[in-house]
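Let's start with one chain on its own, the form predicted alone, as structure tokens.
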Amino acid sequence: MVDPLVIAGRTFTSRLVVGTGKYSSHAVMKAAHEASGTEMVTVAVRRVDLAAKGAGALLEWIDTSHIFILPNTAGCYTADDAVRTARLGREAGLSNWVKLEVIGDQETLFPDTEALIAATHTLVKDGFVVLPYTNDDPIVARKLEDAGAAAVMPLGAPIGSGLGIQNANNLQIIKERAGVPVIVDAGVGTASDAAVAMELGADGVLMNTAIAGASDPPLMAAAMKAAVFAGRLAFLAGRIERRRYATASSPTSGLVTTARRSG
């Protein structure tokens, strides 16, 4: 990556964060991780047997020599439940970092932002590095940062929907006002969605279903790696202004004219 992503003092050269769920096998997951170039993957504390060992254990398939494990509180519907789950992950030796999820609705999987803010306050005081999954509301993003979040992770669209970025304007507002990294989390369906998120100025993209659910997960992971890189380059380069009418791509001044000879 042309410039590193820094969260809570930790540096990542990749701006793509990848999940560990929904893969057809652990071997496919590992191949996808390698193809993505990711340096951080999320693991659901409540959905993984943290004590398991051997080839059947998920954690055995993650190369922690260069991939950082980010525990998440997926499946939690209250602040208290999310806090307990984060503490369980830390006690199991995963990390004092947490991708904080407090879900407010089973059908949409939208976050319960009130509970999310409360859990962020509690976990930050407890020594956690908190990365909360939230909606695309700039006010909530600001409150999470004020609560001590090390990054904010607004959704691009509902979890697993593959709809792509639904509210580009809100994501730009969140980024413009944020004093911490902004990582778009959820809703990415294909590589162009990831590129759009990065072109809007996001500091990174987190995805799971878009890769794990693809017909060829490692190939899609490689596509996402390229898209995130290209999107970041485009953001840094600065896009041209949008115009309603055409603008000549060649200079219009200093043109050489030739007179036709009459014979």
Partner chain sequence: MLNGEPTDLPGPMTIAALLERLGIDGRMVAVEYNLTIIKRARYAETTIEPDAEIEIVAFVGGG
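Since this is a predicted model, take the numbers as computed values, not measurements. Residue numbers count along the first chain shown, from 1.
There is also a form predicted together with its partner chain; it is not shown, and the following applies to it.
Not one of Gly75, Glu114 and Thr134 comes within 4.5 Å of its partner chain in the predicted bound form, counting any heavy atom. Comparing 191 to 199, 214 to 222, 228 to 236, 39 to 47 against its partner chain in the predicted bound form, the single stretch with non-hydrogen atoms within 4.5 angstroms of it is 39 to 47.
Interface residue remark: Pro154 is not counted as part of the site for its partner chain in the predicted bound form, having no heavy atom within 4.5 Å.
Under a 4.5 angstroms non-hydrogen atom cutoff, its partner chain in the predicted bound form has Leu59 among its neighbouring residues. Taking non-hydrogen atoms only, Glu91 approaches its partner chain to within 4.5 angstroms in the predicted bound form. When its partner chain is considered in the predicted bound form, Pro71 lines it closely, a heavy atom lying within 4.5 Å.
Residues are counted as partner-facing when one of their heavy atoms sits within 4.5 Å of its partner chain in the predicted bound form; in 16 to 40 these are Gly19, Thr20, Gly21, in sequence order.
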